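Next up: the same protein chain in two forms, each one alone, written as structure tokens (structure 1, then structure 2).
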Structure 1
């Protein structure tokens, strides 16, 4: 008797399982047909790093401080920079990323003092060799580099003028104060 009820229960559980699969049979597939539909990428999706445009410069604002190169656990960033005429900070001459080594930890973004590093939005890059993943991050900024340098110099000049003006104003104020002091003393 027990055996019969076991068999009955067993078959019932099997039928229930079949009920689940047949219900799904008539539902819509959840597949995203990738090359035809693009996956929606998260806003903070981590990817290869890029130099992002700063509005006031019209180009990136990398100052070749090498912070990202130093923090990178995988040694995948290499930067050389040099001082340009009329600029207070350095400017990178090369900014190479070996994306094949990158582990997308995001530490370089954390340390960037000018916040000019960001993530690329291209998530489906593929290649046939390691060399395909050696990115030159300055590539996209080559064309506008001269104008950017001009803008930077302009900004630098303005800043300098401002500083001069402030210093002058400070000095005048000081002198004035001194005069006043002197006046007070005299009085």
Structure 2
């Protein structure tokens, strides 16, 4: 009797397994036939960092504050920057990443005050030596840097004009308030 019970349980288990197999047999496959098909990269997938283009300036908005370099536990980021004429902030002269050392922790993205850092969508980078993983993040922006600097100078000039107009309006409002106070005291 015990043997019949074991056979029955085994047969029932086999049918359950076959049912799962048959249900999944007609579903869309979850695998991607790489390299014929490219996988869709999730927004949260981590990879090498890149400088993200900001629509209002047509370039990245890195201000060479060095916060990402300072917070990096792997010491894989190296930045130098200088202040350009007509700008109130620095622009990077070099922005190098040693991706062979990067732990993809994301601290550099979290600390960036201008949100100009992001993860690359390219997931299949390969190389034969460590030097293949040294990236110059400014390389793709060198051709458009002068145009971006002109746009940034124009934005800076407009902000300065707005500040001066506000200061002038505040001074006029204070003078008018003082005149009203003086007029009230004389009456």
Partner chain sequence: MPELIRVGRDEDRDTYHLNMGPQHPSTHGVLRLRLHLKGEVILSADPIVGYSHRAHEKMAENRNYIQFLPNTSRMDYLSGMIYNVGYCQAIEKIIGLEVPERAEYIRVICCELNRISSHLLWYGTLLMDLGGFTPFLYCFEDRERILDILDLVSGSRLTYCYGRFGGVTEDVDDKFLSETLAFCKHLRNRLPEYDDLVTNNVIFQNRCKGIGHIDKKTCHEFAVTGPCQRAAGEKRDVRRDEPYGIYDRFDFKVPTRTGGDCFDRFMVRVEEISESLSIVEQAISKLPVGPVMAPKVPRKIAPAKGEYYFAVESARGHFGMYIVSNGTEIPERMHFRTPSFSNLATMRRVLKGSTISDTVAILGSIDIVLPEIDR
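Bear in mind the structure is a predicted one, so any value in this text is a computation, not a measurement. Numbering follows the first chain given and starts at 1.
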Form selected (criterion: the form predicted in complex with the partner chain): 1
Rounded to the nearest whole degree, how much does the smaller rigid part turn between the two structures? 30
